[in-house]
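Read the single chain below, which is given as structure tokens and is the form predicted alone.
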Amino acid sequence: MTNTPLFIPVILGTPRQGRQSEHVAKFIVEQIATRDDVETELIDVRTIAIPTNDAGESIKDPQFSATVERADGLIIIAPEYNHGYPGLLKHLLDTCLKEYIHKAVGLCGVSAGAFGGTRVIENLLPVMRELGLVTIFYDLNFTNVQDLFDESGNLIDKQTYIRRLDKFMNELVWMSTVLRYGRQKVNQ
């Protein structure tokens, strides 16, 4: 096995103005940056010029595709909107296919309600499977997100979420490492 750090980008899955999930993404990227075993970058759906006049791989963004191809795993931060995920996130995810095969994904649900995005995660699970991604066994939920961050976007109860993120990341690193090994060493 190689000691090369895993590359696990974070996808911020909503373009909405005033999005609270942006604070969540900032917190997660900052915490991952403290790890020696993982490199990351933020992919913000708001910054990807993806056409809406077609669908699928014909509208693939070359930079997004290359980033996902290079990735060992992904983290998807998805706010829950009316019990579902943002349409633009699904539209973007559908532009790639082979880039996802046998890669780990960790799902992070964000909600203004008491369930912390549980329903958005439930709705994303069959999509992840169809795309060829392998979901980890631990989800990360940010409940009542509007109360979690101060006016500067800093997490108020940092220690609780650092513990949760560590558990989430340890599982994602394990799964990403195993799947990287499989992609490199096991013939299909």
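Not measured: the values here are computed from a predicted model. From 1 onward, residues are counted along the sequence shown.
The same protein has a further form, the form predicted together with a small molecule, not shown here; the description that follows concerns it.
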Look up in the predicted complex whether residue 145 has a non-hydrogen atom within 4.5 angstroms of the small molecule, and give yes or no. yes
In the predicted complex, residue 111 touching the small molecule (heavy atom, 4.5 Å): yes
Using 4.5 Å between non-hydrogen atoms, is residue 26 touching the small molecule in the predicted complex? no
Contact of residue 19 with the small molecule in the predicted complex (heavy atom, 4.5 Å): yes
Decide if the three candidate residues 79, 83 and 119 all line the small molecule in the predicted complex, where lining means a heavy atom within 4.5 Å. yes
